[in-house]
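As a starting point, one isolated chain is supplied in structure tokens, in the form predicted on its own.
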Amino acid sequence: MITFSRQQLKIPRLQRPVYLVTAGQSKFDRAFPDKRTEELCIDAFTMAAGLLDISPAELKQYIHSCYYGHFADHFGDQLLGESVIHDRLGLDPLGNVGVKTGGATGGSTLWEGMKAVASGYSDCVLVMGWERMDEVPTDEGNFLISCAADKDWESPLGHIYTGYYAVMAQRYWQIFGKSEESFRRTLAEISVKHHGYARFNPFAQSPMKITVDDVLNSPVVAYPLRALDCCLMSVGAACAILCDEDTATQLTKNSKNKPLRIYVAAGSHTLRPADRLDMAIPLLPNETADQYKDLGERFPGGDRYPGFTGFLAARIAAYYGYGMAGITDPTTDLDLVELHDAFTISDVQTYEDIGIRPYGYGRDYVESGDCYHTNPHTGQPGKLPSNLSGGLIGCMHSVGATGIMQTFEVATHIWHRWEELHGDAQLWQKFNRVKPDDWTSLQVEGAKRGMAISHAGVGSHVTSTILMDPDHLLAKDA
């Protein structure tokens, strides 16, 4: 059994506050035959500068070091891709480093950038992520991605990530879904919601107006997961600028952006889910040991933790992140979340891992309507809206950029600029996309705090990124 020392459970402390001052992203799509990766990164950086009402050249004058994330060298046929991007952005000879943690690469890149500023090494850093997934056929791409699992133990399941998550879905369904067809329909509702929200996002790759039956009738990829339960293979880039307080004040003084406090934490777990040792459930601030003492009686088989049904890495990332930011209950302290919905089942698992619902009750977050922008049962605002970008299922999974895109989405709500950016008719036209006649603003009114979860592999690496309006901090030492 895993046991933690006091030192290991110590909440990380930053040497000084770190702020996100701007971010940007490119259009996301399955392929860009007419655009190089460097150009997509330039698009993201240009947007970030524009949100500060300064030129890219002016923004570059503040940057001291750079952190670049991209996952799959195989796709772009380019090792040291960060050097290519760094050069094209005109940032040589500043120091830079590449980050690679699978699907969590975007979040991990933010983690590294935050630490550079918090330590005092840099006052202003660029965090940039991208992925090039259109230079190989989809089946080959799925094979390459599947290599981010233990090749001795997991790859024999079929060399496709959906196969790995199908096993988790079956186990979760048996234990917590009690093999009910209603649970399978709840998973489908997640896909409907995320493709639907993508309809209002000009950056999004897969906007679709679909029904639960459409999801259930889509082709089986690995039972019980179907095509519309799965995330996208994408191309695109996203970036963020992180600063100390003085630099943040300088950069935002003439813009609509407000410096946002940022906290990033991380956790990990073995690539071999079958070898994950049984252990006591680490508790989050809104949980008590009593609520799990009879878990195995309520859900036979559910008392083995984490098994195939949970992600310890996500729980540890949330534990550290909540401690850093002063969060005692995510459902009341946060106003929105962007979660890593690589598959509809991983979305449900994450609800429980980060304490939005107790273990065994993740489906209630969907069925209650709390996860919607507007609760479909009451017509009132959802208690804690999730994945308003469309998530990985509706918007994109351009792996190195994903965690940064999620963080950017959260920031637009806290800046109260979601409607301005997502409703911009010129942006829709620039991306050659048709703005729906029923376009609806998904701005979360009064948003002050939000979180993004960036997740890799079969739960091997997970980061939690928390953004807060500095006038609405929760941490005692903030």
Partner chain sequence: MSMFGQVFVKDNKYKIKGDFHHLTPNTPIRDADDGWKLLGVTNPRDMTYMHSYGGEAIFFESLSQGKLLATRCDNSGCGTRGTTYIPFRIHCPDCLGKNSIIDLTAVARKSARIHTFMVCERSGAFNLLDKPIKFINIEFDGVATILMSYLSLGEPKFGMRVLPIFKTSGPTFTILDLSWVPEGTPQEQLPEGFTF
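Positions refer to the first chain, counted from 1. Model, not experiment: these values are computed from the prediction.
Keep in mind the form predicted together with the partner chain is missing from the figure; the text below concerns it.
- The partner chain is not shown here, and in the model of the complex it never comes within 4.5 Å of any heavy atom of Leu80.
- Remark: Glu154 counts among the residues lining the partner chain in the model of the complex, judged by a heavy atom distance of 4.5 Å or less.
- Proximity of Asn142 to the partner chain in the model of the complex: non-hydrogen atoms within 4.5 Å are present.
- A residue is said to contact a partner when one of its heavy atoms sits within 4.5 Å of a partner heavy atom; Glu180 fails this definition for the partner chain in the model of the complex, lying far away.
- Checked against the partner chain in the model of the complex, the candidates Val192, Val99, Ile175, Leu284 yield a single residue with a heavy atom inside 4.5 Å, and that residue is Ile175.
- Site annotation in the model of the complex: the residue of Arg185, Arg298, Lys258, His159 reaching within 4.5 Å of the partner chain with a heavy atom is His159.
- In plain terms, the part of the chain that comes close to the partner chain in the model of the complex, with a heavy atom within 4.5 Å, is 143 to 151 out of 353 to 361, 143 to 151, 323 to 331, 104 to 112.
- If you check the partner chain in the model of the complex, you find a heavy atom from every one of Gly163, Pro224 and Arg304 within 4.5 Å.
- Contacts to the partner chain in the model of the complex (heavy atom within 4.5 Å) from stretch 167 to 196: Val167, Gln170, Arg171, Gln174, Ile175.
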